[in-house]
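Coming up is one lone chain in structure tokens, specifically the form predicted alone.
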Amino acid sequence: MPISGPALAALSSLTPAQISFLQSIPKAELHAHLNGSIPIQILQELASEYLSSTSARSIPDSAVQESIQLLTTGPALDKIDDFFLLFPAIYALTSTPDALQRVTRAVLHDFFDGDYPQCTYLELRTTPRSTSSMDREQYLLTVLDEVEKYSPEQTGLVVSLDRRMSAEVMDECVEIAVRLRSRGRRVLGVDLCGDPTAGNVQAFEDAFRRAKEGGLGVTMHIAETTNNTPEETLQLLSYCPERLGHATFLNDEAISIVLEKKMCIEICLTSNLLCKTVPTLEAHHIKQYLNSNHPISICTDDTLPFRTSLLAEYALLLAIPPLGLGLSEDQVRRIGEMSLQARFR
């Protein structure tokens, strides 16, 4: 996966010994979206096949071509909304079981295979989609078939629930996730994701309650923008998630709850910088959790559009300011340990 921007700057500033240290420490990737982590060469292959086929189109050819070009050169992200515009083409290219199998295999290979695996453990997350070629259960089974080629100590699946889903679809996704887990399939948890301004969070309560009753862990994208109200955040926290994605704009009341409940914060440094939800590393909310010795996990979010890797995200911890946070090796090692402790079982 190509690396650029702040991630590359931090990584390039490290010595070979520092890079070897980062490669050697055990660490978990707990916030990696399948469709945002597909190697660009796989998407280019799928786009070529899509554009040459005679099958019905879900989006115009021009939209696929434009999106692939942007993802190849590196998209310009001026605000978090720009990020979501990249995905209709990816969804169109991964709408069959065969294509979904190929991209899942490629993502897992990218994280695990080679001389220096990116992580010790990975929780891959994805939203089950219903297409003309597969229903939501088949979607999850296709992903699981690839995930389960690796050991349980290496990887598992988190089922993402999009805020734009109807209550009926969200309930269906939870029901499938619980059922598959009860059959011994490696479904570990559920995630709340998608456009952070969409949906009525009060309507999500039943789905997350039933997920917990079914033995699934719960993580939530929360307080990603200034448009997410304190009331909404407190409502989501009342569903008792074990982990929180981003948690960028928590107020003092919410922070107090998070600290008390020891909810692990999934930190995506490059994602926050490029989506401009934080202005600089110096101002990043990771510092308040480091100062409190609160559980955090360093994650990539979406390696393709954000041009990063888990190694590069850890480089942002170790690199000297302003390229990084300037943490000690002992602090970085401890963060890796915390990420492994926060995994879903």
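Remember, it's a predicted structure, so these values are computed and weren't measured experimentally. When you see a residue number, it is the position in the sequence shown, counting from 1.
Below, we refer to the form predicted together with a small molecule, which is not included among the displayed structures.
- Taking a 4.5 Å heavy atom cutoff to the small molecule in the predicted bound form, the contact residue among 117, 97, 215, 194 is 194.
- Although the partner is absent from this view, residue 127 contacts the small molecule in the predicted bound form, with a non-hydrogen atom inside 4.5 angstroms.
- None of the heavy atoms of residue 318 is located within 4.5 Å of the small molecule in the predicted bound form.
- Contact between residue 309 and the small molecule in the predicted bound form is not found at the 4.5 Å heavy atom cutoff.
- Of the heavy atoms in residue 91, some are within 4.5 Å of the small molecule in the predicted bound form.
- Exactly one of the stretches 236-244, 178-186, 221-229, 148-156 approaches the small molecule in the predicted bound form with heavy atoms within 4.5 Å, and it is 221-229.
- Contact with the small molecule in the predicted bound form, defined as a heavy atom within 4.5 Å, is made by none of 39, 110 and 313.
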